[in-house]
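Next up is one chain by itself, shown in structure tokens, the form predicted on its own.
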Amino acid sequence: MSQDWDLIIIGAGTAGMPAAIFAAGRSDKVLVLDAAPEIGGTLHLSSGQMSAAGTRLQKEKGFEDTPAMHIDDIMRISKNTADREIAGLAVDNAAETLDWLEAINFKPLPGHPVKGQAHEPYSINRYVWGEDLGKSILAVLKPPFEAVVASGKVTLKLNTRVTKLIQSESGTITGVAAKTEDSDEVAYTAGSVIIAAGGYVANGDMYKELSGHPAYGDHSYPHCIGDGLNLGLSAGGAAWGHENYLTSFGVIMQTYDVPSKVRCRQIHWPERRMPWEIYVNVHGQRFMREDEPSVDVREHTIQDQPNLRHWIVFDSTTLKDAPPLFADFSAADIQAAAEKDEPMFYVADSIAALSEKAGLPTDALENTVNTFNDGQASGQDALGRQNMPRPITDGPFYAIRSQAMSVSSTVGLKVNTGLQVIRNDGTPIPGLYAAGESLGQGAMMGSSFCGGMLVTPALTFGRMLGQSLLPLDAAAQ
């Protein structure tokens, strides 16, 4: 049984919820479909980092900022690999989004906004998140979203997966087909359709095809299986961002499985903790100065290492005397894990024996350690490292295997400044729009991580589409 709607939104997450909230101010015929059993999407797992220029919060704290300054920072950090037009559209409208979130009771952490944390810093303080990370955003979006559902203006269907877009002979999108596990496919017609279905990180095959690397980390929303991208492509849409794949520098996995859950995260940011250890690749060789100050340089350097992987190598005195390598995993925990031969943790009485346990070439690792020790003694490191508190000399010796990974989708649907999904020739597909991770991170940030440029554009584009898409007769209701 088909139904007529003014707007169909595929996905009830970071972009879909704002789209529905604002669309409900213009129509009582809005349909939201989500394959998950609950609303919220990746906000359940996201760090919830946001950034915007010219916000009320910045003005209260005395920070003068503009969207032009923000987009200049993004282009600087990304080395002009971000799409200036689409990222600029997000930045131009981001302050209104953050001000709206604060108006509905979002609480930034004390001391925010900041210049940066975990990513390359901005030139000015514009970066915020809440105490409960992505769930802080979900907590304030949920009441207005549930209110418009309760009012009858928005109809929500969970556990309902969109299987295809309905397209006329002229190429216009006129609706969708969707089904639950227990029902046959149902067609729903609409004047406009928004794809806000998230990315593809939980689809291992698709992830590897689009990135060239396995999805090492099992830390993704299970319903991010690429439906949004596939739907858009099936209607003739173009994809972008393939060349911009990037991962964080590294985490420690629970098992050798691919994918694996994350066990702990090393503090590899020199601005938080200067390294005492050395980093080596699968060849047993150092590949960068461990105290490299640029987050972006470190993230790009790990991309060139086999399997996006490195080993943290140190000795027993460093284990005992150095600042903690992990925030929530003590020196005693490291020692115990290595002595028990738990995955990723290795200990041995000599570098040669350590190399065998860790699966590294013995001669190369011994030479690497000796070369580092010589440089530490002379104060002249071969890679230019400045912080070298001590050599690696006191057995037993330790190694911990670290894996670079990403929890977001680089490739997405290509859109124009009206957020219409476009074809390879640049022409729009009538009736079809996209927002959120379905656009891919490569467009917003290029081949770099720019703080807050996934969550904020998703919220912003969802809000903008909800405010603008419906026809005038719907707006008059």
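Quick note: we count residues from 1 along the sequence shown, nothing fancier. Small disclaimer: the values here were computed from a predicted structure and weren't measured.
The protein also exists as the form predicted together with a small molecule; that form is not presented, and the subsequent description refers to it.
J.: Counting only non-hydrogen atoms and a 4.5 angstroms cut-off, does Asp227 reach the small molecule in the predicted bound form?
T.: Yes, Asp227 sits close enough to the small molecule in the predicted bound form that at least one of its heavy atoms falls within 4.5 Å.
J.: Do Ser47 and the small molecule come within 4.5 Å of each other in the predicted bound form, heavy atoms counted?
T.: Although the small molecule is absent here, Ser47 would touch it in the predicted bound form, with heavy atoms inside 4.5 Å.
J.: Would you check, heavy atoms only and a 4.5 Å threshold, whether Ala12 touches the small molecule in the predicted bound form?
T.: Close contact exists here: in the predicted bound form, Ala12 approaches the small molecule to within 4.5 Å, heavy atoms only.
J.: Is there a non-hydrogen atom of Thr55 within 4.5 angstroms of a non-hydrogen atom of the small molecule in the predicted bound form?
T.: Looking in the predicted bound form, residue contacts with the small molecule do not include Thr55, since no heavy atom lies within 4.5 Å.
J.: Heavy atoms within 4.5 Å of the small molecule in the predicted bound form: which stretch in 430 to 438, 57 to 65, 22 to 30, 416 to 424 meets that?
T.: Of the options given, it is 430 to 438.
J.: In the predicted bound form, which of the listed residues (Phe345, Phe249, Trp276, Tyr221) lies with a heavy atom within 4.5 Å of the small molecule?
T.: So the residue touching the small molecule in the predicted bound form, by this definition, is Tyr221.
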